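There is one chain below, alone, in structure tokens, taken in the form predicted on its own.
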């Protein structure tokens, strides 16, 4: 991109579908979620929204479809199948397209998993968070360790890739508890692990509890030690640390998330979904209506769900690409950075951070060094500030 213009061919397109309903709102969650309800009209609105995105994007090939939330495993298999068929008719799904869904262990009866498989899903990501029952109660989860273990084991029989999401850094966690969580996830067959540090987000129930003096997260030093242990144990088990919070056995990396981190275009449908689309050389950042009823009404009136479509400046597009690209182990392309927004200040800051050991460069690739990954937000802030 030069002066906001995108050059070259269009890479594959990713599609994100946000299902906003949950059976229970977790006290640490600040996503756009709502208590569970029956909402058949939302599936129809999502499909109409997808049609409008196709009219906007033009012909593309879809490399991944991801159902996130919320708790999209509350959806029926028939609805998932209808949405996937619609995406295929609109754009065409690649032969090896990743079709994934975020699932709650409580929605993992074998009949439901079989329906998901029949619908066309080939990847599931379970919000396990922990196998420690006291921790699950503290984190406000509605499953226990027995249910989590059974869900993972059942899913690995049916699906090509199964991921376990774990949370570290909750108050009371020890390295032994964390090691046990990781061991159980691996023994159950998970070929991908997302390990997220518990952060206290403004407006959440956990933020209110901490304001009252009730600890919910460990201190930064212990959290860093726990993160080190996650890396050590998973690397020893043959996983690659391909993104700051994500580990995978070779061949089981998340294709959908890699589309984000590599700066590719992606459709965003469903209440509150974000999207990125390059049209006539301009890159747009979109945000859909937040509330489900407002989203449905918006689609009914305008045939599309997004209410914001901001054209990114060249500098903003560069910044976003750098912020995402430094998260993955293979880093980012400096050639692409300079195509988007050449900036001598960036080059000078990069040289300083390389000399300090926070960044590394190999030919035209730039990536975070191990000590840079530990404070990546600070490193990218310095890099982009120049």
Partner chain sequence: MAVKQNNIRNFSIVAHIDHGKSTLADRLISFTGGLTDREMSEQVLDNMDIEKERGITIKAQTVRLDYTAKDGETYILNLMDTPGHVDFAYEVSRSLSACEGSILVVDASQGVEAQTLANVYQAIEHDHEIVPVLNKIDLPAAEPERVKTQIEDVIGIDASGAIEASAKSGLGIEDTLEAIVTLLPPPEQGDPKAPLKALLIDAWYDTYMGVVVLFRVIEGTVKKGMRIRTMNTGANYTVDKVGVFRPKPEDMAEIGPGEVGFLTASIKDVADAAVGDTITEDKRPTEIPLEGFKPAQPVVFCGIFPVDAADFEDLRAAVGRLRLNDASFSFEMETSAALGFGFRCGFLGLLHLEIIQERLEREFDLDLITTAPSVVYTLKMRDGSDMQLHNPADMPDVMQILHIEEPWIKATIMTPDEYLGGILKLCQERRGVQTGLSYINGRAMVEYELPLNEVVFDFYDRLKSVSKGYASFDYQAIGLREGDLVKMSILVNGDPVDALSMLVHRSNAPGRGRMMCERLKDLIPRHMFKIPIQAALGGKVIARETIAALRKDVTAKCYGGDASRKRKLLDKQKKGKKKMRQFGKVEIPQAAFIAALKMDDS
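Residue numbers count along the first chain shown, from 1. From a predicted model like this one, the values you see are computed outputs, not experimental measurements.
Below: the form predicted together with the partner chain, not depicted.
A heavy atom within 4.5 Å of the partner chain in the predicted complex is found for exactly one of 197, 233, 106, 278: 197.
Here is the short version: of 180, 249, 274, 143, the single residue with a heavy atom within 4.5 Å of the partner chain in the predicted complex is 274. Within this chain, residue 240 is remote from the site of the partner chain in the predicted complex, having no heavy atom within 4.5 Å. The partner chain in the predicted complex is approached by residue 319, whose closest heavy atom lies within 4.5 angstroms of it. Put simply, residue 227 is close to the partner chain in the predicted complex: some heavy atom of it is within 4.5 Å. When contacts are judged by a 4.5 Å heavy atom cut-off, residue 23 does not count as touching the partner chain in the predicted complex. Contact with the partner chain, judged by heavy atoms within 4.5 Å in the predicted complex, is confined among 25 to 33, 38 to 46, 331 to 339, 52 to 60 to 25 to 33. Taken together, the three residues 310, 373 and 376 all come within 4.5 Å of the partner chain in the predicted complex, as judged by their closest heavy atom.
Residues are counted as partner-facing when one of their heavy atoms sits within 4.5 Å of the partner chain in the predicted complex; in 245 to 276 these are 245, 246, 257, 260, 261, 266, 274, 276, in sequence order.
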